[in-house]
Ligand SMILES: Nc1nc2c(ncn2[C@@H]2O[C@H](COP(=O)(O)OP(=O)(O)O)[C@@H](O)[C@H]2O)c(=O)[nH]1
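So this first bit is one chain, no partners, the form predicted on its own, shown in C-alpha cells.
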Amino acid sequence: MLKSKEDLNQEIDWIVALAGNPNTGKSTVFNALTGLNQHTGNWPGKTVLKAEGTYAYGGYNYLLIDLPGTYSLFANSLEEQVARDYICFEQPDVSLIVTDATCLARHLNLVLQVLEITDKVVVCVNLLDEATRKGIQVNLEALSCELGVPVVGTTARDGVGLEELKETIALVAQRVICPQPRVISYDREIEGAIAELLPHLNVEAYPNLNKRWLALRLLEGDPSIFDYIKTPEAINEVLVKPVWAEG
C-alpha cells in the first residue's frame, strides 16, 4: 500500500500528485517547487523510481509526489499502473498535470484520463517560452473553460508562473476552487453498458472513487483493477472481456 496522509508526518497538510508525459518539464516543476526538500527511492514492491518533496505556501505544508512520466493511465506498463493507482486509490488532495505548450494537443489525452478519475485537478502548461519562440500562443483561459479545471501557464526553469501555480494548488486543495471537469460522452452502446453496470459496483472501501471511471475500466476487461475492487459474483463473467467483444 502506498503512503497516505495518515502514514506521513502530521505536519503535512496537503498531498499533491504530479503527473505528466515524459519530456514536459515535469521534473523541472518538481525541482522548482520543492528545492532541496526531496527524497528518492522506489515505490513499495516496484522497480520504479519514486521521488517526493515538500514545500510551504500560505502557512500550509505540501507533500509533492512525482509520479512516473506516462502517456496514459491504461496500465499497459508498470509506470502507467503506478501513476494510475496512486491518483485513483490514494486520492491525493490535488493532481497536478504538467503539459508541454509546444505540442499541447498530444498531452491532453492524459489530462482527460485523469479528469475521469478525479475533479481535484490543476493543469500546468509548461514551456511557454519555447512555444512563444515557435510562434505558438496558448489561450489558457479558453483551455480552462473547455476542460473545466484551473489552467496555469509556466516556464518552470525560469521560475515564471510558479507563484500562481502554488496559489491555484492551494485553492483547489482547500476546495475554495471546486473544478467541474468536462464529462466525456461515449457512443450509445458504451454509455448503456456503463449505466447498467454502475448500480452493481461495490466500492465501500473507496467511497470517493469515481464509479463511472471504474465501470469503463471493468468494461475494457482491465484485470489489474480487480487487485483493488470486489464486484458481485453475478457480473464477474461480464467483466472478463469488453462488452463489445464477439459473443
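All of these numbers come straight from a predicted model, not from anything done at the bench. Heads up: residue numbers just count along the shown sequence, starting at 1.
We do not show the form predicted in complex with this ligand, though everything after this point is about it.
Please identify the residue among Thr168, Thr155, Gln91, Gln81 with any heavy atom within 4.5 Å of this ligand in the predicted bound form.
None of the others qualify; the residue that does is Thr155.
Hey, in the predicted bound form, is Ser27 touching this ligand, heavy atoms inside 4.5 Å?
Contact with this ligand, yes.
Counting only non-hydrogen atoms and a 4.5 angstroms cut-off, does Pro22 reach this ligand in the predicted bound form?
It does: once this ligand is placed as it appears in the predicted bound form, Pro22 has a heavy atom within 4.5 Å of it.
Using a 4.5 angstroms cut-off on non-hydrogen atoms, would Asp129 count as touching this ligand in the predicted bound form?
Looking in the predicted bound form, residue contacts with this ligand include Asp129, since a heavy atom lies within 4.5 Å.
Quick check for you: of 73-81, 140-148, 156-164, 109-117, which stretch puts a non-hydrogen atom within 4.5 Å of this ligand in the predicted bound form?
That would be stretch 156-164.
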